[in-house]
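Consider the single chain below, provided in structure tokens and representing the form predicted on its own.
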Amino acid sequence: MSDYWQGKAAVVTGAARGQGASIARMLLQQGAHVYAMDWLGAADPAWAALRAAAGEHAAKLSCLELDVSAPESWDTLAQQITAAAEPLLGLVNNAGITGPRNTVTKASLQEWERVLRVNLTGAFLGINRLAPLMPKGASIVNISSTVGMTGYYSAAYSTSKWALRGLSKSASIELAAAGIRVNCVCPGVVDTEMIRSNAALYQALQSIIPMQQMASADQIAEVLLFLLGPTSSYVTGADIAVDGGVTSGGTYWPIGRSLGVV
């Protein structure tokens, strides 16, 4: 796959930092032209860090301050991609927010709608606007979560991540005949700013991972790179947990650990 991405383009949302920045950097290193979308302001230091990480490949990095929940953002991007005349081989719908993590009865309608607009509608718009531009062999990866595979108290966030799996299934069925694959990656606990911003949550999560360590952003990005490339050419409609054993361990792994049997 050393020259697969040469002369080709990919879009990564939520790309200014965290796992989005990691996959953007890896694609750049493979030779792709990367359209990095994020709603962070142009002066945010995360953009400078992304450009620095791109190094000698920075000329192939397009940093776009765009809101994924706004249809006009995707229309603007589609126009740029069409004008560049490079085949769009990859789309990573990574952008997401947690919101206040309130339960169903405590969440406000405003909070609910905001989380779903970014986490779910943003991915829908990305596929809706960009899939028609993608040739046979292209790949779309939506970023759900292990939260989207099990119960979780945060109503809006949980719903958005479950729904992303449904969106991925629907899109994979529709686009299969066109040779475009759609898969869903469900990261577990990733050591990013989003997790570290909540100290109590960060501490509580330490005890639920069978591999006993959080994932790095690069560990998630490596799976994304596989799904975006030709070595996963027969994989579509899949939900892939990248979680250090959290979902397979379920409720009983922490119990076994507390009893000293695992």
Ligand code: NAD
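Owing to the predicted nature of the structure, the values given are computational and were not obtained by experimental measurement. Numbers follow the displayed sequence, beginning with 1.
Keep in mind that the form predicted in complex with the named molecule is missing from the display, and what follows is about it.
J.: Report yes if all three of 10, 57 and 86 come within 4.5 Å of the named molecule in the model of the complex by some heavy atom, otherwise no.
T.: Looking in the model of the complex, the three residues 10, 57 and 86 all stay beyond 4.5 Å of the named molecule (heavy atoms).
J.: Counting only non-hydrogen atoms and a 4.5 angstroms cut-off, does residue 192 reach the named molecule in the model of the complex?
T.: Although the named molecule is absent here, residue 192 would touch it in the model of the complex, with heavy atoms inside 4.5 Å.
J.: Can you tell me if residue 126 lies within 4.5 angstroms of the named molecule in the model of the complex, counting non-hydrogen atoms only?
T.: Result no; residue 126 lies far from the named molecule in the model of the complex.
J.: Residue 226 near the named molecule in the model of the complex, any heavy atom under 4.5 Å?
T.: Although the named molecule is absent here, residue 226 would stay clear of it in the model of the complex, with no heavy atoms inside 4.5 Å.
J.: I'd like to check something about residue 118: if you look in the model of the complex, is any of its heavy atoms closer than or equal to 4.5 Å to a heavy atom of the named molecule?
T.: Yes, residue 118 sits close enough to the named molecule in the model of the complex that at least one of its heavy atoms falls within 4.5 Å.
J.: Just one of 25-33, 227-235, 65-73, 49-57 has residues with a heavy atom within 4.5 Å of the named molecule in the model of the complex, so point it out.
T.: Only one stretch qualifies here: 65-73.
J.: Have a look at 77, 140, 156, 143 for me and say which one sits with a heavy atom within 4.5 Å of the named molecule in the model of the complex.
T.: That would be 143.
J.: For a quick check, can you give me the residues of 85-112 that have a heavy atom within 4.5 Å of the named molecule in the model of the complex?
T.: The stretch touches the partner through 94, 95, 96, 97.
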